[in-house]
Each structure stands twice: as C-alpha cells, then as structure tokens.
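As a starting point, one isolated chain is supplied in structure tokens, in the form predicted on its own.
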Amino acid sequence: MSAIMHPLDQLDPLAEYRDQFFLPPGKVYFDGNSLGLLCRSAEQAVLETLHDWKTLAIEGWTDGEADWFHLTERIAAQLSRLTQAPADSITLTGSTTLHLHQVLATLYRRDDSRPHILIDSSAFPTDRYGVASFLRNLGRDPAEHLLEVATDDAGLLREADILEGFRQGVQLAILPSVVFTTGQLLDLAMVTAGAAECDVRLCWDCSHSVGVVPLNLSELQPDAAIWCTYKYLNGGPGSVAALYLHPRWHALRPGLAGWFGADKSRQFRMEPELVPAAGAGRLQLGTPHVLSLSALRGALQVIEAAGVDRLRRKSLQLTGYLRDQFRGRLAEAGFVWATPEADDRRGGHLALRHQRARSLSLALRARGFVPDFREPDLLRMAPSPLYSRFADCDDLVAAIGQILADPPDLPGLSATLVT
C-alpha cells in the first residue's frame, strides 16, 4: 500500500478520526456501506455495559450510567440530531425488516379503492418479502397489489415514474433514499411532495443514507422512515434499527404492539390493555437490545463529533476522486458506470458494472482490498469519510489495473450475504 502521504490526505480535516477505528490488519476496507468498522468509543460503551451487568445485575436497568430502561430514548435523541427530526418521532427496536412490518401494520388502511403498495423494481429483497407477506396476511394477492416502479435502461429510477406510480391506486409506498445497488440518491423532496399530493403514505428506507447523506426529516416530512445502523453509523453487525414516524401519526395505535411500547410511567403496572407511549416510542416492541444499543451509542458519538455535513463533503470528494481515477487510468478496461455522476444524485458508494466483476472482487480480496460484489456484474466500493484515505483509492485502482493486465486463475465468488 502507499507509503507516501497523499496531498489530499494531508489537507483532510477528518483525518484524525481514522485512528479511532480498528482497521482490519493488512487490508484496505471499501465495504463500509455493508458493515462499518468498530470504533474505540463503541468498544468502550459495550465494555461499560458489561461492567454494569457484572456489578449491578438487574439494577443496571435503573442505576447504571447508561440507564438501560431509557437507553432507547437516549439514542433516539442522538439520531434526532443527525436527521433533524423531533426526538419523540424516532425509536429503535429490532431490525429494519421488523420496522418495515410495523410501518405496514400501522399506516396501511383497508381501502379497496386504493389497495396497492408501491416499491421499486431494484428494492432490497427484505422490502419485497415484507410487503408481499403483509399483503398475503390480509388476503390480498401480491401479484395484483404489489406494484413496482421499473428502472430505466441505465438501471436508474426516474422520479417521474415514481410519481406516475402513485396515481395507480397506491396508498402506501416503500422506497429507498439511496438505491443499495447503484448508489443513486433520489430527489427526496420531490418524491415526498408528490406522495403528499396524491395522498400516498410514504416510508423512506434510509439505510444507505443516514450517517453519510444529510437528512432533514422535519423539513422533508415523510410519513415514516426506517434505517439500519450497522452501515455508515458503525453500530456493529445486526445492530438495532431505527424508525421515524411523523408526528401527524403519533396518535395512531401501533399496528404491532409490545410491552416496551407502553407509557413508561405505568409500564410495570402490567395492565391488560396497552397504554401507548407518546410519539414513536409506542412502536417499540420487546425489551431493548442493550448490548447492541450500547455499541451504537458509542459509535454515534464519533458521527456527531465529525458532523454529517463534513462527512458528506469528504464522502463526495472520495467517491469523486475514485471515479476520476477509474476514468483516467482504466478508461479502456470495460467498466460501465452504474452510479450517477452528479453530486446531488450520488450516495456514499460507487457502483460499476463489469463482465468480470465477480473474479475482480475475489482477486482484490486476495490482495488485501475489501470491495463488494453483487450479482450479476456489479462491483460496489464505499470509501468511508471517517477512515478511508485518498491514497487508498489510488491503491485500489492500481490493483485493479494489475489484475486486469495479469488475470489470476481464480474460482467463482458467490455474492456476500450482508448488504
């Protein structure tokens, strides 16, 4: 790897944060859009929780520094600052898929005049599976009531097609803020306004935007948003997901109910009927995942200190620089760009198509680089603004050029499972 400091790395105002992360030895990591790396504050927060568990046992729920009973609300306040949303409009419980089912169960109405749910044709599988199973449980046929917005010939979503889809008897839409395959950033304001005009309830899946793309949910005002916390937020594998519910729906009863969705002041009365908490907290279900939440609490301290606006600026610089290196040094290598070029249309990762993307990914890993491969021909690369360097981008492109010039004899590579 490069031993000489890159000039842009010397000028990087976020360079200090690299030392706060545990970088895989001997590797250059470009897969933070699938799983962010562990940082020291996350490790410390988990160790503190383990200590409280060891020394306080059950009293850790109320007497520990982290106050497990209110830990969800504490982290919701951190996330509210990152997403510009009221703190009581965010909660955390379980996984993104669980939140998807909660949104469906809470916001979908029995309306035979508009029975359809809209997703995009490139939707992450859990969105498709969740919506299809929800419709089946209502006795509706997904083949009829699950509508898709198709991508264009370049594999991109067009906002005009989404807006037209809203007019096809749709009452609820689940759409990605950033498409997980191509890295395309949608025009969130245009689509959200279009949904409101058509009286379509809209939920954004923000898994590939929170922590790397600034969001102002109070200004945007979707009906709901869901996101995982193990990508750009670095909360750890399987870390607890987040859910935003617009204040206009805070009086709704939760479609899925659980005892941690109760008003905390009376939760231990064990009443036979749920008295819901105020705000999005009513959408919580079971006991909080305290160890997972602790790691996230520590990781978010780094995100807040760095600032999402600064993270976005460096992310765009990194992906723009990486794109320029591909164009300058691998112009004839057969790569086809899947990610839009404009800054306001690009999320946190770059995606390129190549007929040998599978073997390229495997060969890069053999050389110490960690990109991501998606069937059938997509290579995704996500330089993190917290720990990636411009020199890393140079090294990656150089390695790809060497691999293409002298192709190794490698077996096929199956797609990785984590998104």
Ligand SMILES: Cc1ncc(COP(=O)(O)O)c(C=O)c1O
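All residue numbers refer to positions in the sequence shown, first residue = 1. These numbers were taken from a predicted model, which means no experiment stands behind them.
Below, we refer to the form predicted together with this ligand, which is not included among the displayed structures.
Proximity of C228 to this ligand in the predicted bound form: non-hydrogen atoms within 4.5 Å are present. The shortest heavy atom separation between Q171 and this ligand in the predicted bound form exceeds 4.5 Å.
T151 falls outside the set of residues with a heavy atom inside 4.5 Å of this ligand in the predicted bound form. In the predicted bound form, at least one heavy atom of F180 sits within 4.5 Å of a heavy atom of this ligand. Residues within 4.5 angstroms of this ligand in the predicted bound form, judged by any non-hydrogen atom, belong to 91-99 and to none of the other stretches in 183-191, 132-140, 91-99, 321-329.
Taking Q78, T106, T126, Q267 one by one, only a single residue has any non-hydrogen atom within 4.5 Å of this ligand in the predicted bound form, and it is T126. Note on contacts: among S315, S207, Q284, S294, the single residue with a heavy atom within 4.5 Å of this ligand in the predicted bound form is S207.
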